[in-house]
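Just one chain is shown here, as structure tokens, and it is the form predicted alone.
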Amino acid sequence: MGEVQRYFLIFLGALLIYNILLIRFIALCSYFGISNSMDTSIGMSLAVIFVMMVSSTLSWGLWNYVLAPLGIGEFLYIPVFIFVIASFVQLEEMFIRKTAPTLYKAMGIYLPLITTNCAVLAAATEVAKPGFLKMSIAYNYTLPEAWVYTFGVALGYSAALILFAAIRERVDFAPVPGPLRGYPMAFVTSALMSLAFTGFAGLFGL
């Protein structure tokens, strides 16, 4: 496998084939909680992209140069990675509160909850710890591969969230029966989106 092809498969797998929300069902709390508005969905997506890229980069460095060499990675990687994520979420929260107070208010509790967003922690863990993705591609990434993978995960999260928000805004004006309005219809919509995304695996023969 050539280097370019490997980068392409890593990115494609993270973005579409194993989408963090619709295929792996990680971070569904923010997915359902914040997707009732397009503006807040875009804001959350940008926030997650930033935190995910920075935290994955630092987590990769901490694992390869501190935790693994000292033999303490398996015991401490989760609290260390969460500490890194929490630090940058705090900085990002202060920045958004100062520069975009309307967006800060709209995102509410879901902004500080990026600290415990499973997608951010999953990406940080997968680029750092050796593992295996279901595409015959090992997780033992170099730093450039870690960036490609994390960016794919972040864009996949953003695409699913924004697409879901757009559909939910349209469904709000549709003649949906009363008992199905709100979260019941949101779950039905999300299930159909998940089924649609499963087709990407067959499309690319992976």
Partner chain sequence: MAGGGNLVVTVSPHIKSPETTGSIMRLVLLGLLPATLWACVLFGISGIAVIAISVITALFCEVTWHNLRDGKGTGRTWFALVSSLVVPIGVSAAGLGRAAPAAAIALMSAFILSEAGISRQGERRHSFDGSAAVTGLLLALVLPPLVPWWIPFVGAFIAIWLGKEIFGGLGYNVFNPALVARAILVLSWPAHLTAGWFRSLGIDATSKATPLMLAKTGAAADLTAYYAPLLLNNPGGCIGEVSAFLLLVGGAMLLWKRVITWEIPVTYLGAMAVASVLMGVDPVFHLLAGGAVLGAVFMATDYVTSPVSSRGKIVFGIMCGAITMLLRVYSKAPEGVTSAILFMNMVTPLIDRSTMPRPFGVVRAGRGVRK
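Computed from a predicted model, the values in this text were never measured in an experiment. Numbering follows the first chain given and starts at 1.
The form predicted in complex with the partner chain exists for this protein as well; it is not shown, and the discussion that follows is about that form.
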| query | finding |
| --- | --- |
| Contact flag, V171 vs the partner chain in the predicted bound form, heavy atom cut 4.5 Å | yes |
| Residue contact check: F200 to the partner chain in the predicted bound form, 4.5 Å heavy atom | yes |
| Touches the partner chain in the predicted bound form: A166 (any heavy atom, 4.5 Å) | yes |
| The partner chain contact at L180 in the predicted bound form, heavy atom, 4.5 Å | yes |
| Proximity to the partner chain in the predicted bound form (heavy atom, within 4.5 Å), stretch among 44-52, 140-148, 31-39, 59-67 | 31-39 |
| Residues within 4.5 Å of the partner chain in the predicted bound form, restricted to 177-196 and counted by heavy atom | P177, L180, M185, V188, T189, L192, M193, L195, A196 |
